[in-house]
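Just the one chain here, the form predicted on its own, laid out as structure tokens.
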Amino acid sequence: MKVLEVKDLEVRYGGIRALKGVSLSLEEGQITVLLGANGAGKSSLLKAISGLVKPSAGSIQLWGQETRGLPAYRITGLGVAHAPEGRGMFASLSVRENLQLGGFLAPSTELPTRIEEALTLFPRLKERYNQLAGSLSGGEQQMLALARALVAKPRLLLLDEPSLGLAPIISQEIFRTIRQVHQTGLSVLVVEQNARLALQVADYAYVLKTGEVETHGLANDIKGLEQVGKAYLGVT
């Protein structure tokens, strides 16, 4: 079953075309990675899917339902959670309060259990439960961004640069957790600059170049495309 199908999508910022007819699909239970240089349009694609920007043309279908133009809260209600680049923490709120915001659509009776499940994945957050999010380390803030998204119990998780600015050991921990939650049946679409790390956990990959799909295929096949790797992924 297709969780997501994007066809001929265009996104404009004034006179700039950030996406120029992008098409992609994501199967249920799949981890798909979006790769490409800065400015390739990766973040714009995630924002369009989650309703944070309005496409100028094309189609976005989630579970067979057209969602292009729907407000972000409606798309969230369908089961999409978006952990944006830069983590999007409420710095002046505690870890607890950030997690509670992640479950704002959850029944009140379910929220404590959902938060406890997220804290089980990230024990360090449990230790800092009442600490202000702005005082956390970069790695802990990324854990909080991921945990907050998971509290929503999404069917599709959108992750934008989850390893950005993190030490390699923390990046590996984040991706281990992504693989762990994926094994529960969660579908994941992840934007990542660290191509080597992302391709280790992904099933499928798309490479974007200046707003267009340059190539796509099984993650193992993309690993072998040396020319693409050097030109667009930063792989040496």
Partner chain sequence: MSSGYITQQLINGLAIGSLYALVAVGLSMVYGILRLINFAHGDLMMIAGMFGATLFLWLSKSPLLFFMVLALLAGLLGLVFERIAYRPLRGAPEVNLLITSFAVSSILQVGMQMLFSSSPRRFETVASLSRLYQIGSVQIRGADMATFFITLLVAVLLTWFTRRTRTGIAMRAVSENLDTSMLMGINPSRPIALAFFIGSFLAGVAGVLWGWKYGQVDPLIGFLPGLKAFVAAVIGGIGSIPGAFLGGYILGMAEVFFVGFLPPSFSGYRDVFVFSLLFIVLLVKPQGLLGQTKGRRA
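Positions refer to the first chain, counted from 1. Quick caveat, the model's predicted, so the values are computed rather than measured.
Not pictured, yet referred to below: the form predicted together with its partner chain.
Put simply, P84 is close to its partner chain in the predicted bound form: some heavy atom of it is within 4.5 Å. Residue contact with its partner chain in the predicted bound form: R124 places no heavy atom within 4.5 Å of it.
Its partner chain is not shown here, but in the predicted bound form it comes within 4.5 Å of a heavy atom of L52. For E117, no non-hydrogen atom is located within 4.5 Å of its partner chain in the predicted bound form, even though that partner is not displayed. Using a 4.5 Å cut-off to its partner chain in the predicted bound form, not one of L24, S56 and G69 places a heavy atom inside that distance. The stretch in contact with its partner chain in the predicted bound form, judged by heavy atoms within 4.5 Å, is 44-52, chosen from 44-52, 24-32, 177-185, 194-202. Counting a residue when any of its non-hydrogen atoms is within 4.5 Å of its partner chain in the predicted bound form, the one hit in 145-164 is R148.
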